[in-house]
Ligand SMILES: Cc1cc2nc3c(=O)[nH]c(=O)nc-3n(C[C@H](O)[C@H](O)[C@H](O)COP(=O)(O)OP(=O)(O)OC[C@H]3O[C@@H](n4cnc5c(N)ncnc54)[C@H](O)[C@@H]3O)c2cc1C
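Coming up is one lone chain in C-alpha coordinates, specifically the form predicted on its own.
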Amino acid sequence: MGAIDGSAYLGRLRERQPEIWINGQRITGNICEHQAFKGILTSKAALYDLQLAPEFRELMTYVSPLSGRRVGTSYLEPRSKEDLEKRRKAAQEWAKASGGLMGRSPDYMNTGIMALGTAWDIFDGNESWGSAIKSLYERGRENDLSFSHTFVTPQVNRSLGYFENNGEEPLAAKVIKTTSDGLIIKGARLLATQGGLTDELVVLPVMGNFIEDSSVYAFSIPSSTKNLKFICRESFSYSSSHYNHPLGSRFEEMDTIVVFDSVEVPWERVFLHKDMEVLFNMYNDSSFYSFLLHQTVARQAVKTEFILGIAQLLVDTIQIDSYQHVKEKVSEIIVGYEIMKSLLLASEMEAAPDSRGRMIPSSNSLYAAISTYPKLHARLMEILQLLGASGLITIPAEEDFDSEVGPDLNHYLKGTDCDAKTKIGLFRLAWDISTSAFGGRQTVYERFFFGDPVRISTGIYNGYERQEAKDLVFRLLND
(Lines give C-alpha, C1' and ligand atoms only; values in the text may rest on other atoms or scores of the structure.)
Protein backbone atom coordinates (compact mmCIF):
# COMPACT_ATOMS: atom_id res chain seq x y z
CA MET A 1 0.00 0.00 0.00
CA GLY A 2 2.62 2.59 1.05
CA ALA A 3 1.84 6.23 1.83
CA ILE A 4 -1.90 6.97 1.72
CA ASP A 5 -3.98 10.03 0.88
CA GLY A 6 -6.69 11.68 2.95
CA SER A 7 -9.60 9.75 1.51
CA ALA A 8 -7.93 6.45 2.42
CA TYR A 9 -7.42 7.63 6.00
CA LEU A 10 -11.05 8.74 6.37
CA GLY A 11 -12.31 5.60 4.68
CA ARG A 12 -10.47 3.36 7.15
CA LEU A 13 -11.84 5.36 10.07
CA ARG A 14 -15.41 5.03 8.83
CA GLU A 15 -14.98 1.28 8.45
CA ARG A 16 -13.56 0.75 11.95
CA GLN A 17 -16.39 2.43 13.92
CA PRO A 18 -14.64 2.52 17.33
CA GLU A 19 -16.73 2.97 20.47
CA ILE A 20 -16.58 6.71 21.16
CA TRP A 21 -18.79 8.50 23.69
CA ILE A 22 -19.39 12.26 23.87
CA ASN A 23 -21.99 14.24 25.84
CA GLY A 24 -23.45 11.00 27.19
CA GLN A 25 -24.11 9.55 23.77
CA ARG A 26 -22.32 6.85 21.83
CA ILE A 27 -21.45 8.03 18.34
CA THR A 28 -23.23 6.18 15.59
CA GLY A 29 -23.17 6.81 11.87
CA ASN A 30 -20.42 8.62 10.00
CA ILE A 31 -17.96 10.07 12.54
CA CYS A 32 -16.39 12.18 9.79
CA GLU A 33 -19.54 14.34 9.73
CA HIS A 34 -19.88 14.76 13.51
CA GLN A 35 -19.50 18.39 14.62
CA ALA A 36 -16.93 17.52 17.30
CA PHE A 37 -14.64 15.65 14.92
CA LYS A 38 -15.26 16.88 11.40
CA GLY A 39 -12.73 19.71 11.65
CA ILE A 40 -9.77 17.72 12.94
CA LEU A 41 -10.46 14.77 10.63
CA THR A 42 -10.61 17.05 7.60
CA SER A 43 -7.34 18.67 8.72
CA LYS A 44 -5.64 15.30 9.22
CA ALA A 45 -6.84 14.10 5.82
CA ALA A 46 -5.26 17.21 4.30
CA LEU A 47 -1.91 16.20 5.83
CA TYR A 48 -2.05 12.84 4.08
CA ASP A 49 -2.92 14.58 0.82
CA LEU A 50 0.01 16.94 1.33
CA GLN A 51 2.56 14.14 1.58
CA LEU A 52 1.55 12.87 -1.87
CA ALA A 53 1.43 16.30 -3.54
CA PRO A 54 4.02 16.41 -6.36
CA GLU A 55 5.95 19.29 -4.79
CA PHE A 56 6.28 17.49 -1.40
CA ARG A 57 6.41 13.83 -2.41
CA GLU A 58 10.22 13.61 -2.40
CA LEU A 59 10.51 15.27 1.02
CA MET A 60 7.60 13.62 2.77
CA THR A 61 8.05 10.06 1.51
CA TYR A 62 10.92 7.65 0.88
CA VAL A 63 11.36 4.22 -0.65
CA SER A 64 10.63 1.39 1.79
CA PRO A 65 13.54 -1.04 2.22
CA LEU A 66 10.98 -3.83 2.55
CA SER A 67 8.45 -3.27 -0.23
CA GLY A 68 10.05 -0.73 -2.56
CA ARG A 69 6.96 1.45 -2.27
CA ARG A 70 7.06 5.06 -1.16
CA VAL A 71 6.20 5.38 2.53
CA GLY A 72 5.90 8.30 4.95
CA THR A 73 9.07 10.09 6.06
CA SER A 74 7.85 10.02 9.67
CA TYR A 75 8.72 6.30 9.62
CA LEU A 76 12.24 6.91 8.27
CA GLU A 77 15.02 5.34 10.35
CA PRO A 78 17.70 8.05 10.30
CA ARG A 79 21.16 6.74 9.40
CA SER A 80 22.76 10.13 8.81
CA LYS A 81 22.42 13.78 9.75
CA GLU A 82 20.86 14.32 6.33
CA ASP A 83 18.14 11.84 7.30
CA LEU A 84 17.48 13.78 10.51
CA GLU A 85 17.24 16.98 8.49
CA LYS A 86 14.74 15.35 6.15
CA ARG A 87 12.65 14.16 9.09
CA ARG A 88 12.67 17.67 10.57
CA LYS A 89 11.72 19.39 7.33
CA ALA A 90 8.90 16.91 6.68
CA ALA A 91 7.57 17.37 10.22
CA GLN A 92 7.64 21.13 9.81
CA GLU A 93 5.73 21.03 6.51
CA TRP A 94 2.97 19.15 8.27
CA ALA A 95 3.17 21.56 11.23
CA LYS A 96 2.81 24.59 8.94
CA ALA A 97 -0.58 23.27 7.81
CA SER A 98 -1.92 23.84 11.34
CA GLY A 99 0.39 26.59 12.58
CA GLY A 100 1.94 23.96 14.86
CA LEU A 101 -1.34 23.54 16.75
CA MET A 102 -1.76 19.80 16.14
CA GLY A 103 0.29 18.21 18.89
CA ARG A 104 -0.73 14.77 17.75
CA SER A 105 -0.27 14.99 14.00
CA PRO A 106 0.42 11.48 12.62
CA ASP A 107 4.20 11.92 12.63
CA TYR A 108 4.34 12.15 16.44
CA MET A 109 3.51 8.54 17.27
CA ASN A 110 4.89 7.28 13.95
CA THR A 111 8.21 8.58 15.28
CA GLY A 112 7.77 6.72 18.56
CA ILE A 113 6.93 3.48 16.75
CA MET A 114 10.03 3.96 14.58
CA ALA A 115 12.24 4.45 17.65
CA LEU A 116 11.01 1.26 19.31
CA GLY A 117 10.69 -0.80 16.14
CA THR A 118 14.23 -0.12 14.93
CA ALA A 119 15.55 -1.07 18.39
CA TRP A 120 13.56 -4.30 18.57
CA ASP A 121 16.57 -6.16 19.99
CA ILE A 122 15.89 -4.47 23.37
CA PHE A 123 12.88 -6.76 23.66
CA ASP A 124 14.76 -9.79 22.38
CA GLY A 125 14.92 -11.52 25.78
CA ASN A 126 11.53 -12.83 24.76
CA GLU A 127 11.67 -13.58 21.05
CA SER A 128 7.98 -12.87 20.43
CA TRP A 129 8.25 -9.37 21.92
CA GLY A 130 11.04 -8.33 19.58
CA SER A 131 9.08 -9.74 16.64
CA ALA A 132 5.91 -7.97 17.79
CA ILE A 133 7.42 -4.46 17.96
CA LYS A 134 9.34 -4.96 14.71
CA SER A 135 6.14 -6.20 13.03
CA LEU A 136 4.21 -3.20 14.40
CA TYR A 137 6.78 -0.80 12.95
CA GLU A 138 6.79 -2.49 9.54
CA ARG A 139 3.00 -2.79 9.45
CA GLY A 140 2.60 0.86 10.38
CA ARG A 141 5.16 1.98 7.80
CA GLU A 142 3.91 -0.15 4.91
CA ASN A 143 0.23 0.74 5.48
CA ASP A 144 0.71 4.32 6.73
CA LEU A 145 -1.19 3.56 9.92
CA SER A 146 -2.06 6.30 12.38
CA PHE A 147 -1.68 5.86 16.15
CA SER A 148 -2.97 7.39 19.33
CA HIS A 149 -1.34 6.44 22.62
CA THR A 150 -1.84 6.53 26.37
CA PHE A 151 0.42 6.17 29.40
CA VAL A 152 -1.28 8.32 32.05
CA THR A 153 -3.18 6.71 34.95
CA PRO A 154 -6.32 8.16 36.61
CA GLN A 155 -5.67 11.05 39.01
CA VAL A 156 -7.29 9.46 42.05
CA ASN A 157 -4.51 9.92 44.59
CA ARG A 158 -1.23 11.47 43.45
CA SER A 159 0.50 11.29 46.86
CA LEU A 160 3.90 9.59 46.90
CA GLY A 161 2.77 6.81 49.22
CA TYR A 162 -0.43 5.85 47.38
CA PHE A 163 -0.68 2.24 46.22
CA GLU A 164 -3.86 0.98 44.61
CA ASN A 165 -5.64 -1.74 46.60
CA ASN A 166 -5.56 -4.94 44.57
CA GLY A 167 -8.79 -6.08 46.18
CA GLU A 168 -10.78 -3.26 44.59
CA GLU A 169 -12.15 -2.97 41.09
CA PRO A 170 -9.13 -1.77 39.05
CA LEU A 171 -8.76 1.98 38.50
CA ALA A 172 -5.54 2.16 36.52
CA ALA A 173 -5.63 -0.30 33.63
CA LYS A 174 -3.87 -3.53 34.52
CA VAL A 175 -3.61 -7.16 33.51
CA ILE A 176 -6.28 -9.08 35.41
CA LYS A 177 -5.75 -12.39 33.62
CA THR A 178 -3.55 -14.13 31.06
CA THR A 179 -4.80 -16.82 28.72
CA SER A 180 -3.34 -18.88 25.93
CA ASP A 181 -4.65 -16.21 23.56
CA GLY A 182 -3.32 -13.10 25.27
CA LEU A 183 -3.69 -10.51 28.05
CA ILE A 184 -6.99 -9.40 29.58
CA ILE A 185 -6.83 -5.69 30.48
CA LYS A 186 -9.27 -3.93 32.81
CA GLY A 187 -9.27 -0.35 34.09
CA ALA A 188 -8.68 3.10 32.63
CA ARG A 189 -5.97 5.28 31.15
CA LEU A 190 -6.16 9.03 30.60
CA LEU A 191 -5.40 11.60 27.98
CA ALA A 192 -5.43 9.66 24.75
CA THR A 193 -5.45 12.67 22.43
CA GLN A 194 -7.41 11.84 19.26
CA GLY A 195 -8.47 8.60 20.97
CA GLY A 196 -10.62 6.61 18.54
CA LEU A 197 -9.61 8.84 15.63
CA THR A 198 -6.66 6.67 14.59
CA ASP A 199 -6.16 3.20 13.21
CA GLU A 200 -4.63 1.88 16.41
CA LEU A 201 -4.06 2.68 20.08
CA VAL A 202 -0.55 2.17 21.50
CA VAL A 203 -0.55 1.46 25.24
CA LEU A 204 2.81 2.07 26.88
CA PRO A 205 3.98 1.26 30.43
CA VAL A 206 3.73 3.85 33.17
CA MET A 207 6.92 4.59 35.10
CA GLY A 208 6.64 5.42 38.79
CA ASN A 209 7.72 4.69 42.34
CA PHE A 210 5.46 1.69 42.76
CA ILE A 211 5.24 -0.64 39.80
CA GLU A 212 3.57 -4.02 40.05
CA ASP A 213 3.70 -6.85 37.54
CA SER A 214 0.10 -6.34 36.42
CA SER A 215 0.96 -2.81 35.25
CA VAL A 216 4.04 -3.79 33.24
CA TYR A 217 2.88 -4.24 29.64
CA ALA A 218 3.01 -2.64 26.22
CA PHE A 219 0.95 -3.36 23.13
CA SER A 220 -0.94 -1.87 20.18
CA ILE A 221 -4.50 -2.78 19.25
CA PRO A 222 -7.05 -1.55 16.68
CA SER A 223 -9.15 1.37 17.93
CA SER A 224 -12.26 -0.70 17.23
CA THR A 225 -11.23 -3.56 19.54
CA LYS A 226 -14.15 -5.11 21.43
CA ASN A 227 -14.78 -3.66 24.93
CA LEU A 228 -12.45 -0.70 24.27
CA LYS A 229 -14.18 2.64 24.95
CA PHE A 230 -13.10 6.23 24.36
CA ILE A 231 -14.93 8.81 26.52
CA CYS A 232 -14.50 12.39 25.29
CA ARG A 233 -14.34 15.64 27.19
CA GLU A 234 -16.46 18.58 26.04
CA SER A 235 -15.65 19.56 22.48
CA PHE A 236 -14.10 22.97 21.87
CA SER A 237 -15.27 22.94 18.27
CA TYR A 238 -18.26 25.13 19.02
CA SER A 239 -18.96 26.10 15.43
CA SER A 240 -18.08 24.93 11.95
CA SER A 241 -17.47 28.57 10.96
CA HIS A 242 -13.78 29.10 10.22
CA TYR A 243 -14.36 32.83 10.68
CA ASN A 244 -15.89 32.63 14.16
CA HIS A 245 -13.57 29.86 15.38
CA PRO A 246 -10.65 29.84 12.95
CA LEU A 247 -8.60 27.35 14.98
CA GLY A 248 -11.06 25.39 17.10
CA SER A 249 -13.19 24.56 14.06
CA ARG A 250 -10.22 22.93 12.32
CA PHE A 251 -7.67 21.75 14.89
CA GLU A 252 -9.64 20.66 17.97
CA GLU A 253 -7.91 17.32 18.55
CA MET A 254 -10.11 16.01 21.40
CA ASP A 255 -8.77 14.24 24.50
CA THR A 256 -10.29 11.03 25.80
CA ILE A 257 -10.41 8.68 28.75
CA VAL A 258 -9.69 5.13 27.60
CA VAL A 259 -11.68 2.38 29.35
CA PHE A 260 -10.58 -1.23 29.02
CA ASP A 261 -13.60 -3.33 29.98
CA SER A 262 -11.83 -6.70 30.04
CA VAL A 263 -10.18 -6.10 26.67
CA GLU A 264 -8.37 -9.09 25.18
CA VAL A 265 -4.97 -8.28 23.67
CA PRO A 266 -3.59 -11.09 21.45
CA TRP A 267 -0.06 -12.23 22.32
CA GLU A 268 1.20 -11.32 18.85
CA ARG A 269 0.43 -7.67 19.65
CA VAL A 270 2.20 -7.64 23.02
CA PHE A 271 5.80 -6.43 23.12
CA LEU A 272 6.26 -6.21 26.89
CA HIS A 273 4.83 -8.12 29.83
CA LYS A 274 6.23 -8.27 33.38
CA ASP A 275 9.88 -7.90 32.38
CA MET A 276 11.19 -5.11 34.64
CA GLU A 277 14.60 -5.01 32.97
CA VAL A 278 13.06 -4.27 29.57
CA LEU A 279 10.74 -1.73 31.19
CA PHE A 280 13.60 0.28 32.67
CA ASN A 281 15.69 0.11 29.49
CA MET A 282 13.21 0.43 26.63
CA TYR A 283 12.84 4.22 26.53
CA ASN A 284 16.48 5.15 26.99
CA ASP A 285 18.03 2.35 24.93
CA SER A 286 15.68 2.99 22.00
CA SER A 287 16.24 6.80 22.15
CA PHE A 288 12.45 6.98 22.24
CA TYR A 289 12.41 10.36 23.96
CA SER A 290 15.15 11.89 21.82
CA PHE A 291 13.31 11.07 18.61
CA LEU A 292 9.94 12.25 19.96
CA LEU A 293 11.50 15.49 21.21
CA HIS A 294 13.06 16.12 17.81
CA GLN A 295 9.59 15.98 16.21
CA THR A 296 8.02 17.99 19.05
CA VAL A 297 10.54 20.84 19.02
CA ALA A 298 10.29 20.99 15.20
CA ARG A 299 6.54 21.56 15.60
CA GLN A 300 6.92 24.03 18.46
CA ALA A 301 9.36 26.13 16.42
CA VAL A 302 6.74 26.41 13.68
CA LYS A 303 4.08 27.25 16.25
CA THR A 304 6.25 30.03 17.67
CA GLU A 305 6.76 31.47 14.19
CA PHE A 306 2.98 31.32 13.68
CA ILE A 307 2.44 33.25 16.93
CA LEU A 308 5.03 35.81 15.81
CA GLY A 309 3.05 36.30 12.60
CA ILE A 310 -0.18 36.85 14.53
CA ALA A 311 1.47 39.37 16.85
CA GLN A 312 2.97 41.38 14.01
CA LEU A 313 -0.33 41.45 12.12
CA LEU A 314 -2.07 42.79 15.24
CA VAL A 315 0.57 45.50 15.45
CA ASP A 316 0.23 46.37 11.76
CA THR A 317 -3.57 46.35 11.76
CA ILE A 318 -3.96 48.98 14.46
CA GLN A 319 -0.59 50.71 13.91
CA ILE A 320 0.90 50.40 17.39
CA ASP A 321 4.51 49.83 16.30
CA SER A 322 5.61 53.29 17.40
CA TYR A 323 5.42 52.25 21.05
CA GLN A 324 8.63 50.90 22.58
CA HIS A 325 6.81 48.46 24.85
CA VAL A 326 5.13 46.95 21.78
CA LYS A 327 8.47 46.43 20.06
CA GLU A 328 9.84 44.90 23.26
CA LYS A 329 6.97 42.39 23.41
CA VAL A 330 7.29 41.37 19.78
CA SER A 331 11.05 41.08 20.27
CA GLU A 332 10.37 38.58 23.07
CA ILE A 333 8.57 36.40 20.57
CA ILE A 334 11.42 36.77 18.07
CA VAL A 335 13.95 35.72 20.71
CA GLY A 336 11.81 32.76 21.73
CA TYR A 337 11.52 31.64 18.12
CA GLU A 338 15.27 31.92 17.54
CA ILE A 339 15.99 29.97 20.75
CA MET A 340 13.70 27.10 19.74
CA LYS A 341 15.06 27.05 16.20
CA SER A 342 18.66 27.10 17.39
CA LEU A 343 18.18 24.32 19.94
CA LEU A 344 16.53 22.19 17.27
CA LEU A 345 19.38 22.70 14.82
CA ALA A 346 21.94 22.09 17.58
CA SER A 347 20.38 18.69 18.24
CA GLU A 348 21.11 17.75 14.63
CA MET A 349 24.60 19.26 14.55
CA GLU A 350 25.56 17.30 17.68
CA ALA A 351 23.79 14.11 16.63
CA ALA A 352 25.78 10.88 16.83
CA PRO A 353 25.18 7.28 15.72
CA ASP A 354 24.21 4.64 18.27
CA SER A 355 25.32 1.00 18.33
CA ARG A 356 22.65 0.15 15.75
CA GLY A 357 23.87 2.77 13.29
CA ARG A 358 20.86 5.06 13.85
CA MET A 359 21.64 8.78 13.95
CA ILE A 360 20.37 10.06 17.32
CA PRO A 361 19.69 13.79 17.81
CA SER A 362 21.44 15.27 20.83
CA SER A 363 19.13 15.10 23.82
CA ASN A 364 20.77 17.97 25.76
CA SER A 365 19.54 20.74 23.46
CA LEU A 366 16.15 19.05 22.99
CA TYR A 367 15.55 18.79 26.74
CA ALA A 368 16.61 22.42 27.08
CA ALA A 369 13.95 23.31 24.49
CA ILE A 370 11.17 21.24 26.07
CA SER A 371 12.02 22.73 29.46
CA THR A 372 11.92 26.25 28.02
CA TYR A 373 8.73 26.01 25.97
CA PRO A 374 6.06 25.60 28.70
CA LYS A 375 7.04 28.96 30.22
CA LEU A 376 7.68 30.54 26.84
CA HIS A 377 4.32 29.51 25.40
CA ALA A 378 2.41 30.90 28.40
CA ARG A 379 4.28 34.20 28.00
CA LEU A 380 3.56 34.31 24.26
CA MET A 381 -0.16 33.97 24.98
CA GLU A 382 0.09 36.79 27.51
CA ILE A 383 1.81 38.98 24.93
CA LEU A 384 -0.99 38.39 22.40
CA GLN A 385 -3.53 39.36 25.06
CA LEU A 386 -1.58 42.51 25.92
CA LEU A 387 -1.24 43.51 22.27
CA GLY A 388 -4.86 42.75 21.43
CA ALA A 389 -6.29 44.21 24.66
CA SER A 390 -10.02 44.99 24.36
CA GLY A 391 -9.86 44.09 20.69
CA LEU A 392 -9.85 40.43 21.76
CA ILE A 393 -13.22 41.00 23.42
CA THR A 394 -14.86 43.24 20.82
CA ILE A 395 -15.17 40.48 18.24
CA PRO A 396 -18.63 40.24 16.68
CA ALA A 397 -19.49 37.06 14.80
CA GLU A 398 -19.56 36.47 11.07
CA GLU A 399 -23.37 36.57 11.13
CA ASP A 400 -23.33 40.11 12.53
CA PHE A 401 -21.57 41.43 9.44
CA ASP A 402 -24.36 39.99 7.27
CA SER A 403 -27.13 41.52 9.39
CA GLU A 404 -28.73 44.99 9.65
CA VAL A 405 -25.94 46.11 12.01
CA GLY A 406 -23.29 45.19 9.46
CA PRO A 407 -22.83 48.82 8.25
CA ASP A 408 -22.25 49.97 11.84
CA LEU A 409 -19.57 47.32 12.36
CA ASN A 410 -17.93 48.15 9.04
CA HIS A 411 -17.72 51.81 10.06
CA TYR A 412 -16.63 51.55 13.71
CA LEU A 413 -14.40 48.46 13.72
CA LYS A 414 -12.24 48.92 10.65
CA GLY A 415 -8.46 48.73 10.86
CA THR A 416 -5.85 51.22 9.74
CA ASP A 417 -5.55 49.77 6.25
CA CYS A 418 -8.25 47.07 6.14
CA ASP A 419 -12.00 46.72 6.44
CA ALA A 420 -13.72 45.71 9.64
CA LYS A 421 -14.40 42.09 8.73
CA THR A 422 -10.74 41.48 7.88
CA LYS A 423 -9.60 43.13 11.11
CA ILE A 424 -12.07 41.24 13.28
CA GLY A 425 -11.12 37.99 11.54
CA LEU A 426 -7.52 38.56 12.63
CA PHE A 427 -8.54 39.42 16.18
CA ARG A 428 -10.75 36.33 16.35
CA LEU A 429 -7.69 34.30 15.34
CA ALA A 430 -5.63 35.89 18.14
CA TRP A 431 -8.50 35.27 20.57
CA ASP A 432 -8.88 31.64 19.53
CA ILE A 433 -5.22 30.82 20.16
CA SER A 434 -4.78 32.85 23.36
CA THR A 435 -8.09 33.28 25.14
CA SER A 436 -10.83 30.87 24.00
CA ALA A 437 -11.47 27.42 25.46
CA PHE A 438 -9.45 26.01 22.57
CA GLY A 439 -6.59 28.40 23.38
CA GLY A 440 -6.70 27.58 27.08
CA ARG A 441 -6.38 23.90 26.31
CA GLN A 442 -3.38 24.68 24.07
CA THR A 443 -1.61 26.46 26.95
CA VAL A 444 -2.20 23.62 29.42
CA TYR A 445 -1.26 21.08 26.74
CA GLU A 446 2.08 22.75 26.01
CA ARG A 447 2.76 23.22 29.73
CA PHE A 448 2.59 19.46 30.34
CA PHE A 449 3.30 18.20 26.82
CA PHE A 450 6.27 16.04 27.83
CA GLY A 451 5.31 15.60 31.48
CA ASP A 452 5.73 17.54 34.71
CA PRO A 453 8.06 20.52 34.00
CA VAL A 454 9.67 20.18 37.45
CA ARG A 455 10.41 16.51 36.85
CA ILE A 456 11.90 17.38 33.45
CA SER A 457 14.16 19.99 35.08
CA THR A 458 15.18 17.47 37.74
CA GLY A 459 16.02 14.98 35.01
CA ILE A 460 18.19 17.57 33.26
CA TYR A 461 20.07 18.22 36.52
CA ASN A 462 20.56 14.53 37.23
CA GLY A 463 21.60 13.58 33.71
CA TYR A 464 23.64 16.52 32.43
CA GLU A 465 27.41 16.03 32.29
CA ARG A 466 29.03 18.98 34.10
CA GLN A 467 32.59 17.78 34.61
CA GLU A 468 33.97 19.91 31.77
CA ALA A 469 32.37 22.99 33.31
CA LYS A 470 33.99 22.22 36.67
CA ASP A 471 37.33 21.50 35.00
CA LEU A 472 37.18 24.90 33.33
CA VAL A 473 36.85 26.57 36.73
CA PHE A 474 39.67 24.53 38.28
CA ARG A 475 41.92 25.26 35.30
CA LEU A 476 41.40 29.01 35.74
CA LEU A 477 41.98 28.78 39.50
CA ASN A 478 45.16 26.74 39.05
CA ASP A 479 46.53 29.23 36.54
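Since the structure is predicted, the reported quantities are computational estimates derived from the model, not experimental observations. Start at 1 and count along the sequence shown; that's the residue number.
The next section is about a form of this same protein that is not shown, the form predicted together with the named molecule.
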TODO: Kindly confirm or deny that 127, 275 and 280 each have some heavy atom within 4.5 angstroms of the named molecule in the predicted bound form.
DONE: no
Open item on the list: To verify the annotation, which of these, 232, 308, 216, 152, has a non-hydrogen atom within 4.5 Å of the named molecule in the predicted bound form?
Closed with: 152
Task: Proximity to the named molecule in the predicted bound form, single hit among 55, 417, 452, 33 (heavy atom within 4.5 Å) - done: 452
Open item on the list: Using a 4.5 Å heavy atom cut-off, which of 436-444, 58-66, 22-30, 39-47 contacts the named molecule in the predicted bound form?
Closed with: 436-444
Open item on the list: Is it the case that residue 290, even though its partner is missing from this view, gets within 4.5 Å of the named molecule in the predicted bound form, heavy atoms only?
Closed with: no
- [ ] Could you confirm whether residue 329 comes within 4.5 Å of the named molecule in the predicted bound form, counting heavy atoms only?
- [x] no
TODO: Find out whether any non-hydrogen atom of residue 346 is located within 4.5 angstroms of the named molecule in the predicted bound form, and reply yes or no.
DONE: no
- [ ] Although the named molecule is absent from this view, report whether residue 339 comes within 4.5 Å of it in the predicted bound form, heavy atoms only.
- [x] no
Open item on the list: Do any residues of 374-389 have a non-hydrogen atom within 4.5 angstroms of the named molecule in the predicted bound form? If so, which ones, in sequence order?
Closed with: none
